[in-house]
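This document contains two forms of one protein chain, each encoded as structure tokens and listed individually as structure 1 and structure 2.
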Structure 1
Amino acid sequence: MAKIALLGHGVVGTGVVNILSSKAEQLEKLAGEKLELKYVLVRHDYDVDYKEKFVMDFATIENDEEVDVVVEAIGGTNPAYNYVKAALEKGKHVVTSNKELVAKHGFELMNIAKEKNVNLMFEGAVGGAIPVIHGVRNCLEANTVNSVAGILNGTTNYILTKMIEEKQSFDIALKRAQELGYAEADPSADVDGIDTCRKICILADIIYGNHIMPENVHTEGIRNVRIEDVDTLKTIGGCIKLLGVAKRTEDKKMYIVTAPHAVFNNGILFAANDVFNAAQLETDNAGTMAFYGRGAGSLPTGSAVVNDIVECVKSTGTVYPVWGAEKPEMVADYKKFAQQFYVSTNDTAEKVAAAFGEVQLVAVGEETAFITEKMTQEQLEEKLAGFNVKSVLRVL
């Protein structure tokens, strides 16, 4: 029998409890032994029918040699970091859905796991239910992954969908996302792109093999997305999505950003709405590949976490390689990466033509909207000096 201790009993924690109970027989077969939830670490006592498992001090879990797998579902780094580190040092497997923890401390924690011959697994940290971590870690060894672009935050995709499709206000859509258990405790982590940034860093860590700190990644959220631009882009089959993007550059660095992008009706990133997440990869041998599914919520995230628990129980030691230490010089200056931009200004089409030459004009009227040729952000900013710019979006 494998004994499990769950830290945290919020949205993800309750999803894990439910799945461990509702799928007990199936999980026993797959894991090769029964999975018993021994402890749930909570901050205070309340009534549930398994409240005999509640404990309020982590030491009980840390010092119980029977506990094989610690599931961290607290979120944030304090106290999660100390608890996870202590559990690994005691030789316990750790499963977490905590993207902040993995994005900041993944390198160090995975090394401890390796030393102790246990696993740190974190499928639920990126893309909720979608097995994108397993996909990029296990299934693409015969490839070089040249780029990954993803809708990696359910809350903001839900908000954008509701604002665009149902004309809901930002505040109402956010409130509903909170009620549905999608949003972070502090939803500015969602809205300002911080959560997406952590997740694209984790994917990039795996794909490119070195730890990338989120603070080195240019990050924009959705607060400045304008419905006028959504309407304009719609006329040419486009829409706006908050994406995390990481691409290899010609000088062997990595371009990595989180920002709203104009995407077009030619793939999964355009089609993924509501709480759904999607990640699209360009690889050399396998070609284009995509992952798609529910990116947040109790049972979808719980599903990824429980799968990791089974994998830990089945494992006879550390399963996955550890990515390398941080190399900040690997991150390219995002302003020097050439790409197309969507621009809307209060200036005339003639002025646009004079500065940019031939462009794809999308709207002419009160605002002139256009899509540039490929250029760097530095070049774009030079050309736009003297313009009355309403918005600029990267084009995927």
Structure 2
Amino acid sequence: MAKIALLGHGVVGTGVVNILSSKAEQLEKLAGEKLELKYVLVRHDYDVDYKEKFVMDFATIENDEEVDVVVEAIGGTNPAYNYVKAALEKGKHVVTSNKELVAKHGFELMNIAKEKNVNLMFEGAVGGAIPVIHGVRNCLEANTVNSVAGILNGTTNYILTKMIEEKQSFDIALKRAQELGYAEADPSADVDGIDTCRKICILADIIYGNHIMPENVHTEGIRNVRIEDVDTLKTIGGCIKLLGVAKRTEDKKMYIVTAPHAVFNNGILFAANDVFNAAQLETDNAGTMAFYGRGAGSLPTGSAVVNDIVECVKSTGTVYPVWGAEKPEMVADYKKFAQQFYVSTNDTAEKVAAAFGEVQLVAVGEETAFITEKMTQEQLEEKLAGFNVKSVLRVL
């Protein structure tokens, strides 16, 4: 029998408890032994029928040699980092859905897991129920992943969907997201791109093999997305999505950004709406691979966590890859990466043509909107000197 300790009893934690209970027989068959929830670390009592499992001192879990798997569902890095590190050093598997923890401390924690011959697993940290980490780790060994782009935050995708489909302003869509519980009272981590940045860093760590710190990644949010650009792009089959993007460059570095992008009707990233997440990978041998599903919530994220618990119990040692140390020099200057841009300006089409030459004009009127040929952001900024720019978006 495998003994499990759960740290935290919030949205994800309660989902884990529910799945362990409702799927007990199925999970026992998959894991090869019964999974028993022995402890739940809480800060105060809850009126639930398993409150006899509640403990308020992590040391109880840390020092219990019967505990095989520790599930961290606290969030943040304090005290989660200390708890996870201590559990690994005691030779216990750890499962977490904590993207901030993995993005900041994954390299150190995974090396401790390897040293102790246990696992640190974190499928739920990226994309909720979507098995994108499992897919990359287990299914693409015969491939080089050249790029990954993902809608990795359900809150921002919901807000942008409301702006696209119902012509709501950002402020109104955000307020509705907060009323529905999709956005926190302080939505900064979501709408400023911080959450997406952490998640694309984790994917890039796995795919490219070196730790990338979120603070080294250029990050933009969606606060400045305008309904005018939503409407303009819609006329040519486009929409705006907050994407985390990582691509190999010709000089073997990595271009990685989090920012709103203009996306067109040619794949899963265009089709993923509401609170759904999606990730699209471009590989050399398998071509385009796509992952899609619910990116957050008690049961979707809980299902990813429980899948990791089963894999830990079945494992005979460390099965997750351990990526290399941070190499800031591997992260390319995002301003030197060539791509297309969508631009809207109060200037005339004639002035645009004089500065940019051939462009794809999208709208001409009070504002001139156009899509450039491929160029770097440095080149774009040089050409836009003297323009009255209303908005700029990267084009995927």
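Structure 1 provides the reference sequence; residues are numbered from 1 along it. Everything quoted here is computed from the prediction, not taken from an experiment. In this text, the rigid core denotes the largest set of C-alpha atoms whose superposition between the two forms falls within 1.5 Å.
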Out of structure 1 and structure 2, where do we see the form predicted on its own? 2
Relative to the superposed rigid core, does the CA atom of residue 213 travel 2 Å or more between structures 1 and 2? no
Could you tell me whether the Cα atom of residue 232 shifts by at least 2 Å between structures 1 and 2 after core superposition? no
Using a rigid core alignment, state whether the CA of residue 168 is displaced by 2 Å or more between structures 1 and 2. yes
